[in-house]
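Taking the form predicted on its own, here's one chain by itself in structure tokens.
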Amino acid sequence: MKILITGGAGFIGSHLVEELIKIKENSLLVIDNLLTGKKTNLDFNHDFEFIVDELGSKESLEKIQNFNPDVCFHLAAQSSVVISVENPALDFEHNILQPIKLIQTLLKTDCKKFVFTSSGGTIFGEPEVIPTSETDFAGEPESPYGVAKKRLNELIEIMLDDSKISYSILNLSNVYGPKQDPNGEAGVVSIFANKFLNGEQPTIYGDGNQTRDYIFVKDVVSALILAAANNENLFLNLGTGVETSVNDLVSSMQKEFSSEIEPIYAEARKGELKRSVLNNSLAKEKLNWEPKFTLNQGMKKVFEWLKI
């Protein structure tokens, strides 16, 4: 099977590539602009084609059309809420315009499945129902990033409706795991773990009572692969259904490290939600999937990776 992975050198994308190359029958084309992705995330001892370029460039789109994929996993994105607030035009370019060009190109190929990683933590607005299901929209998202993700969800449905390509839109909760940049803006588990490992104080923005649904990257990858094998048009939440406050996350890490280091509290960041946890019952039903890693199990994997 010929498989296209956009954003394949990124955190989630590289874990997906790692799983897909285990199947010898797969032929992979991986595209990443390396703005946040890293070549070191990929194992080049395996046979796959890798392109460093913008997804929406003429060269990339021509390469995709010539590759003629059977399946496309679209993971490339501008993934920072903060950057989206500071530079909405950049967010719009990467999270709407380039994906539209990609879909237009795929419609010229023999592609049969389009799998998109959307954001369950932002598209629903400030949720009124917890855990939040796929139909529990409370209004518009709180950030340009969330608005762009929600609009792209809608555009995918419109552009691929009655086409030969079926889609799976997967709304991810807060994904964490090895390879997540501990020096970036996103990925609080990696950021905090790195701070504790280095004897530094983590910074909590706001009062720390804001909650998130933390899901381990391997659980996300297993769902992505299952979604690609499903011929239905799907709109599914991928999360654990477990709500954890930032304060509780820090407390768990303090126990793990036997540390007395206390966090620093700073002003809350604009566009962040107060509560976010996803109802994953529909994904369990449609994909016969459920997360296998608890937060403590996943954190241990992050600690092991950071120590290397």
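Please read these numbers as outputs of a predicted model, since none were measured by experiment. Start at 1 with the first residue shown and count on from there.
One more form of this protein, predicted together with a small molecule, exists but is not displayed; see below.
*Asks:* Is it true that F11, T36 and T117, all three, sit within 4.5 Å of the small molecule in the model of the complex, judged by heavy atoms?
*Replies:* Every residue of the candidate spot has a heavy atom within 4.5 Å of the small molecule in the model of the complex.
*Asks:* With heavy atoms only and a cut-off of 4.5 Å, decide whether L55 touches the small molecule in the model of the complex.
*Replies:* It does: once the small molecule is placed as it appears in the model of the complex, L55 has a heavy atom within 4.5 Å of it.
*Asks:* Looking at the partner-bound form in the model of the complex, is A228 within 4.5 Å of the small molecule by any heavy atom?
*Replies:* Answer no; every heavy atom of A228 is more than 4.5 Å from the small molecule in the model of the complex.
*Asks:* So, in the model of the complex, is L172 in contact with the small molecule at a 4.5 angstroms heavy atom limit?
*Replies:* Contact with the small molecule, yes.
*Asks:* Find out whether any non-hydrogen atom of Q78 is located within 4.5 angstroms of the small molecule in the model of the complex, and reply yes or no.
*Replies:* Contact with the small molecule, yes.
*Asks:* Identify which of T109, N194, N153, Q98 has a heavy atom within 4.5 Å of the small molecule in the model of the complex; exactly one of them does.
*Replies:* Result of the distance check: Q98.
*Asks:* Please pick, from K113, H94, R212, K218, the one residue with any non-hydrogen atom lying within 4.5 angstroms of the small molecule in the model of the complex.
*Replies:* Only one listed residue qualifies here, and that residue is H94.
*Asks:* Considering the small molecule in the model of the complex, find the one stretch among 255-263, 25-33, 241-249, 65-73 with heavy atoms no farther than 4.5 Å from it.
*Replies:* Looking at the partner contacts, the answer comes out as 25-33.
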